[in-house]
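Before any questions on how it binds or moves, here is one chain, the form predicted alone, in structure tokens.
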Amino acid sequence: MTLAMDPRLIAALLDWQAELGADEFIGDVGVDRFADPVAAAPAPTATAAVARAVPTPVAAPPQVAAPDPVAEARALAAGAQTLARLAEVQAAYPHCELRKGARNFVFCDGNPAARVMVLGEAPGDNEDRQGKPFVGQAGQLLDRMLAAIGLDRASPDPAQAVYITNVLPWRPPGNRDPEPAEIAMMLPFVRRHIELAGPEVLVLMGNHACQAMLGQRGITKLRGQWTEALGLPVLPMLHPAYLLRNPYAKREAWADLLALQARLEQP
């Protein structure tokens, strides 16, 4: 039941409120003028809070494939059409860490037109200093061994000359053994080196040369046994450095030299 109010009473009430200072109509709900407007602001929703907390994802940079050192070596070696060019691209090859600690790049010595090509393992200290393979004590012994069957690296006659190189063109620190990864990187250059030189016979001096060209180790068993690589007759032999440490093995080395001489004398 709605009670009707006397208009005079309503007017009297309004006059009383005006006297108290209420001279503006606000609304049905009172407003606290002393409240903090920031605190009174509505709290953000959970969705808005999460949106601000989670950063906008940034697109990752595109992945760049790491270079394949062996594939790059193959491409560089295949593109070399001369020994001089092969030496240039191999010397500039950036992926073999040995180059950073070596004094010199050791590419070859002897006559590249020689019938016989000797492949050793890696430069030693003397080779690193002089930039030529087999110039230390082992190299001097090799020269005497070759001279015994009429061969000389300095000979201008291809029939009597010898051409010499190594699997690695840079000296490993402390004359340590070549590592498999180092051999793998240098093998394309070695193969191309042999192809460009075109010898009639390839002599492999020591275990690491046999590992590189034949995929086999055990030089004391492999030595003296003719085999084949890159379409060439190959003779594994004991490394002269091994002979310096084991003089009793010179008898086997002499037998291998005679086998090489006999092969060269065949019509």
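All values derive from a computational prediction rather than experimental measurement. Note that residue numbering begins at 1 and tracks the sequence as displayed.
Unshown form predicted in complex with a small molecule; subsequent notes refer to it.
Engineer: Can you say which of 87-95, 133-141, 188-196, 72-80 gets within 4.5 Å of the small molecule in the model of the complex, counting heavy atoms only?
Structural biologist: Careful reading of the contacts points to 133-141.
Engineer: Is Ala122 part of the interface with the small molecule in the model of the complex - any heavy atom within 4.5 Å?
Structural biologist: Ala122: yes, in contact with the small molecule in the model of the complex.
Engineer: Any chance His239 has a heavy atom within 4.5 Å of the small molecule in the model of the complex?
Structural biologist: Looking in the model of the complex, residue contacts with the small molecule include His239, since a heavy atom lies within 4.5 Å.
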